[in-house]
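A lone chain, given as structure tokens: the form predicted alone.
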């Protein structure tokens, strides 16, 4: 479970996160929706401990990110949009294994986990190839695997399907649904309406650093709510590259 309470964050004199409060429940996929510049990525960076809030509290699976950042990090797997930085001279296996060891896993434990991830993400055919020359989709899958190799209870995904072909998108989405079935907490930022419809249980809509709607997917897609919020949601969700 992720719980944010009255979280604020400023850069200089500009307040970009304004008393943000919401929860993402275990065993559910929560969609985090907002236009570019609305505060989505900043909020996710606050949750992941990359940034520190000015005020308020963030608790991830019982660990306070300010008081227990190391404990919180161990509970999280994080993949930000476009973050497919890998060591080109290493194989996919070696890249994932390296990050597993950073998480304190021994080699045998890591090897078993990598085999599971490779099968679920359909990476077997290139698992032992150097990543130099990999396609965007192949690199994205390896990056996804390295971020969750330690089997975290909480997963943060910022635009996980960006740049993927239709087959890779299916594999990644199927795996996200598997994480939900395993009882994990998944917070996913996306502009893709198909992804929202297929994956999400609940939706949190942010605009100008404030949460303006937090409801079930069914209620929001049914158009329940004020006209200005619903117009903004459908503009962002359907706009994709324009949002």
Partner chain sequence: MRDFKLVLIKELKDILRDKRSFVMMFVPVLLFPLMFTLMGSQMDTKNLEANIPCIVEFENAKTEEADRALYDSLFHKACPGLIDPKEATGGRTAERELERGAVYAIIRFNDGTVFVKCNNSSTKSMQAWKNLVDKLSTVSQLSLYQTLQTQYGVNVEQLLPFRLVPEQMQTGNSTLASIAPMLLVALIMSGGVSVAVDLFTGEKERGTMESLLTTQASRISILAAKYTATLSVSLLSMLMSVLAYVISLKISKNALALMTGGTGQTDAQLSLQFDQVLRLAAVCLSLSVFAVSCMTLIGLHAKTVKEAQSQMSLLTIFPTLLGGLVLFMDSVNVGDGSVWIPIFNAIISIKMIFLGTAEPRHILFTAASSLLYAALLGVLSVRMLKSEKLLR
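Positions refer to the first chain, counted from 1. Computed from a predicted model, the values in this text were never measured in an experiment.
From this point on, the text means the form predicted in complex with the partner chain, which you will not see here.
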Out of the stretches listed (214-222, 179-187, 40-48, 26-34), which one is close to the partner chain in the predicted bound form, meaning heavy atoms within 4.5 Å?
40-48
If you check in the predicted bound form, is residue 164 within 4.5 Å of the partner chain, heavy atoms only?
no
Please tell me whether any heavy atom belonging to residue 52 falls inside 4.5 Å of a heavy atom of the partner chain, as the geometry stands in the predicted bound form.
yes
Since only the chain is shown here, I'm wondering whether residue 134 would be in contact with the partner chain in the predicted bound form (any heavy atom pair within 4.5 Å).
no
Give a yes/no on whether residue 120 approaches the partner chain to within 4.5 Å in the predicted bound form, heavy atoms considered.
no
Within 4.5 Å of the partner chain in the predicted bound form: all of 6, 18 and 59, by heavy atom?
no
Proximity to the partner chain in the predicted bound form, single hit among 115, 89, 125, 170 (heavy atom within 4.5 Å):
89
Sequence order please: the residues of 85-102 with a heavy atom within 4.5 Å of the partner chain in the predicted bound form.
85, 86, 87, 89, 90, 91, 94, 98, 99, 101, 102
